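There is one chain below, alone, in structure tokens, taken in the form predicted on its own.
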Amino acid sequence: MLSGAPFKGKFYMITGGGSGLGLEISRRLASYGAGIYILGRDREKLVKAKSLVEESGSECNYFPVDIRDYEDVRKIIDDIFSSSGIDGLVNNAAGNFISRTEDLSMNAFLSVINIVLNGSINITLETGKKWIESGRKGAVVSILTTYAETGSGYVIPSAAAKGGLNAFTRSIAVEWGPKGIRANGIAPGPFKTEGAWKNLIPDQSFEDYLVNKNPMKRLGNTGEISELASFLLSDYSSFINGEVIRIDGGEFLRGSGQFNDLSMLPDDAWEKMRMRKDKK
């Protein structure tokens, strides 16, 4: 979608940037000339990620931090803005698992909500304050999910947290838009990342089910998300604000249509229905 070095001289911060989708987004932005800051809890992962990002030729710095801790977040944002500052933020840090809701403890709920919702708000608020104080324009991209709007059984903590982040993203888009700050979201469908598949996919049969019910008959790849995130952070999308873009191969729409499951009918069944109609 982009080419050359559209982000040369700009800096971007990615939470959960030490692995998975966060690392993929960091590398993509770096390949377009951006300076990168990655945040995460695992120092070892961050060190490895820094080397991988810098293979693209851009500088990468890392900060081990638990974004649930507001004071630690504030100190890191102060440090970053005392040097280069940042031009964009990607709220990617997440946690999720499948469980029947009646089996969950409150700690299980909080383990997800405090990272996905509270942590993202901590980072966004502190970054936004710095942008507003300095008059610097900025862009926020939050990684959501297709069920952020509808909810979903068996991932209730994630549904609640992502739903809250969805509302937060759209709300600040309106409030901060006049200040030159855009906020958008990406709602991925089924993407085969290490973390998601480890925590959410019980067996191969469920993966096959996800593939077969998708109109595109495949899973997404993280490069498709990182390219979309890059576009939403770029000046090419300067009039896109408050949007949540689904990237799911049409899975969301396929699930909402009352008769979409007719796709499972074999050809001979369609022929019988056609003949029945012709007899009338």
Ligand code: HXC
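Note that the structure is predicted; figures quoted are calculated from it, not measured. We number the residues from 1 along the sequence you see.
Below, we refer to the form predicted together with ligand HXC, which is not included among the displayed structures.
Student: I need to confirm a contact call. Of 68, 213, 50, 246, which residue comes within 4.5 Å of ligand HXC in the predicted bound form, counting heavy atoms only?
Tutor: By the 4.5 Å heavy-atom cutoff, the listed residue in contact is 68.
Student: Would you mind picking the one in 84, 96, 152, 118 that has a heavy atom within 4.5 Å of ligand HXC in the predicted bound form?
Tutor: If I apply the 4.5 Å criterion carefully, the residue I get is 96.
Student: Taking heavy atoms and a 4.5 Å cut-off, does residue 114 contact ligand HXC in the predicted bound form?
Tutor: Answer no; every heavy atom of residue 114 is more than 4.5 Å from ligand HXC in the predicted bound form.
Student: With the partner left out here, check for me: in the predicted bound form, does some heavy atom of residue 105 sit within 4.5 Å of ligand HXC?
Tutor: Residue 105: contacts ligand HXC in the predicted bound form.
Student: With the partner left out here, check for me: in the predicted bound form, does some heavy atom of residue 91 sit within 4.5 Å of ligand HXC?
Tutor: Result no; residue 91 lies far from ligand HXC in the predicted bound form.
Student: Can you check whether residue 196 is within 4.5 Å of ligand HXC in the predicted bound form, heavy atom basis?
Tutor: Yes, residue 196 is a contact residue.
Student: With the partner removed from view, which of 75-83, 168-176, 96-104, 118-126 is the stretch that lies within 4.5 Å of ligand HXC in the predicted bound form, judged by heavy atom distances?
Tutor: Heavy atoms within 4.5 Å of ligand HXC in the predicted bound form occur in 96-104.
Student: Using a 4.5 Å cut-off on heavy atoms, what residues in 215-232 are near ligand HXC in the predicted bound form?
Tutor: The stretch does not touch the partner at all.
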